[in-house]
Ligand code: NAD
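First, one chain by itself: the form predicted alone, in C-alpha cells.
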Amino acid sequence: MRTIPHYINGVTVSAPGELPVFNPATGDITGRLPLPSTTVVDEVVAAARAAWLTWRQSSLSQRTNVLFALRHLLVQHTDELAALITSEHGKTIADAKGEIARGLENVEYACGVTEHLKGSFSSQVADGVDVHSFRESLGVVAAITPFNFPIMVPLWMTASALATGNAVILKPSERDPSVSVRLGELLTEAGLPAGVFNVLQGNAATVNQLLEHEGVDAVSFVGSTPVARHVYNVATEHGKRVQALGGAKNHMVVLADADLDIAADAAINAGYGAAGERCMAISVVVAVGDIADELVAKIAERADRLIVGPGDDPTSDFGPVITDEHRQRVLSYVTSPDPGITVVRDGSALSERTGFFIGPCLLDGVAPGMRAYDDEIFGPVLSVTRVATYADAVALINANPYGNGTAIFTRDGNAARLFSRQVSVGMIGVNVPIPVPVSSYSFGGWKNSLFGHSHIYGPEGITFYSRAKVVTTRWPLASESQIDLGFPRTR
C-alpha cells in the first residue's frame, strides 16, 4: 500500500503513513497519510522562508513565465490529474476535468501580474516632491484547502500567492491529498525554485501548528463555518492576515413566471452535481406562489433518470460521497426527517452498495427551524421550501446565517435586478444556478460564509497576498539646505 508523501523544498519526502485514504467508490483503503511532527513543520516553514527571500526579488516576467509553463503542464496532464482526483474524491472524471479548468482560469489571471501589480505615481505633489506606490509580497502563506475541490481551490490560492512573490505551504485535505503532490511536481517542472511551493500533509493538529507558527505570515482557508471561524480567530490572534471561507446554504428562488423546465434542469444540475459536495451547490429550491407541485414533480422525474456510480464510469452522473461517516450523516436527514417534511425521493437504498453511495434525495415542505433547512447537508439532498410571495423569498434568504450564493429564475428583468440588490449574499445568479465568478472577479460570500474581509482569487486575491508601500521623493539642491521644525508642507 502506498504512502502519500510530503513535497518539501522541491522533492517528495516520505514518512510513515498513519491516516487511511479511501477510494470512495469501493470503500477500500488505497493509501496512508503521514502526520508531521513539530520538527517537520518547522523544517517546511524554514524552507519556505528561505526560498521566499529570493523569490520575492524575482522579476515579474520570471513569475509570469513559471505560471504560463504551469498552465501548459496542467492542460497537458489533465487526464492524469482528473483520474487521480476521482480515485480519492469519487467525483466523475468529467467533473474533475471541469474543476481543473476552473482552476486554470485563475492561473491565467495571475499570468497578468504585471498589470495587476501596477502602482501609482503623482508628480509634483509639492515643490520638487513626487509620490509613488507599489505592492510587495507578504512572506509565507499557508493554504488550507477542502476535500471537495482538491486542485481547483489550491490553484485559486497558489497562483495569486506565487504571482505576488510569496512562498506557499499547502495543507490539503487528508481525504484526497495526492493531487497536491503532483501539483508541486508540475510547479517544479515549470521552473519554480525549490521551496517556494511546499505540500505538508496532516490533519487538524497540523493546521493548528501552521496557524500558530511565527514563520507563517498569512492564511487562506476554505472549509466549514465552524472551522473557518476557528482558523480566523486563532490565526489573527497570532498576528496573521487571514481569509477564511466557510459554509453555505444556497437558495434558488423560482418565480411563477419562470420556465419550470429550465428551472428543474438547473435544480438537478446544481443540487446533485458532484454528489452535492460543493459549497456553491443549490440545497434549497424556493418555490414562489402556486408553482410548487408542478416544479417538485419535474425535479423528481429528472432525479429518477440520474445514474449514480463510480466516477471513472463515463455513464455516471455523479459518484459517491467522500466517506462512510459522511454518508451516514447525510442519510439521517432523509431516513429520519423532521415532522412536516415529505420525502419525495429517498436515495438511501444505494447505501447498500459497496462504496459510499447515496442516490438523489428530494425533500418537500422544508422550512426554517428544521434540521434539513438549518444545516449544511453537503450531499445529494435537495430541499424544497414553499413561500407565497417574492418578498417572502427575499426575507427567507436574508434571515439565513449564511450568505455565500443564491440564484433567481424568472423572465422579469426588474424582479431580477431588485433581487440582486436586495439579498444579503455575496454571489448571485440570474437564471444561473451556480454563480461562481470568472477569475477576473473574486469569489466569496457574506455573513457566516466568510471570516475576514477578503474574497478569494481575482483582484481581491492579488490584494490579499500583497501589501502597499508609498514612497515620497525629493531631490533638493545643496543650496536649498535649511532647518525647518514645522510640519511637512505640501505647498
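Small disclaimer: the values here were computed from a predicted structure and weren't measured. Residue numbers run from 1 along the displayed sequence.
What follows is about the form predicted in complex with nicotinamide-adenine-dinucleotide, which we do not show.
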Quiz prompt | Single option in G246, P177, G379, G184 placed near nicotinamide-adenine-dinucleotide in the predicted bound form, where near means a heavy atom within 4.5 Å | solution = G246
Quiz item: Among H230, R302, R386, H213, which has at least one heavy atom within 4.5 Å of nicotinamide-adenine-dinucleotide in the predicted bound form?
Solution: H230
Quiz prompt | P146, V222 and N404 all contacting nicotinamide-adenine-dinucleotide in the predicted bound form, non-hydrogen atom within 4.5 Å | solution = yes
Exercise. May I ask you to check whether S449 falls inside a 4.5 Å heavy atom distance of nicotinamide-adenine-dinucleotide in the predicted bound form?
Key: yes
Quiz item: Hey, in the predicted bound form, is F197 touching nicotinamide-adenine-dinucleotide, heavy atoms inside 4.5 Å?
Solution: no
Exercise. Look up in the predicted bound form whether S122 has a non-hydrogen atom within 4.5 angstroms of nicotinamide-adenine-dinucleotide, and give yes or no.
Key: no
Self-check item: Heavy atom of W52 within 4.5 Å of nicotinamide-adenine-dinucleotide in the predicted bound form
Solution: no
Quiz item: What stretch, of 308-316, 222-230, 109-117, 415-423, brings heavy atoms to within 4.5 Å of nicotinamide-adenine-dinucleotide in the predicted bound form?
Solution: 222-230
Practice problem: May I ask you to list the residues of 32-70 that have any heavy atom within 4.5 angstroms of nicotinamide-adenine-dinucleotide in the predicted bound form, in sequence order? | Solution: none
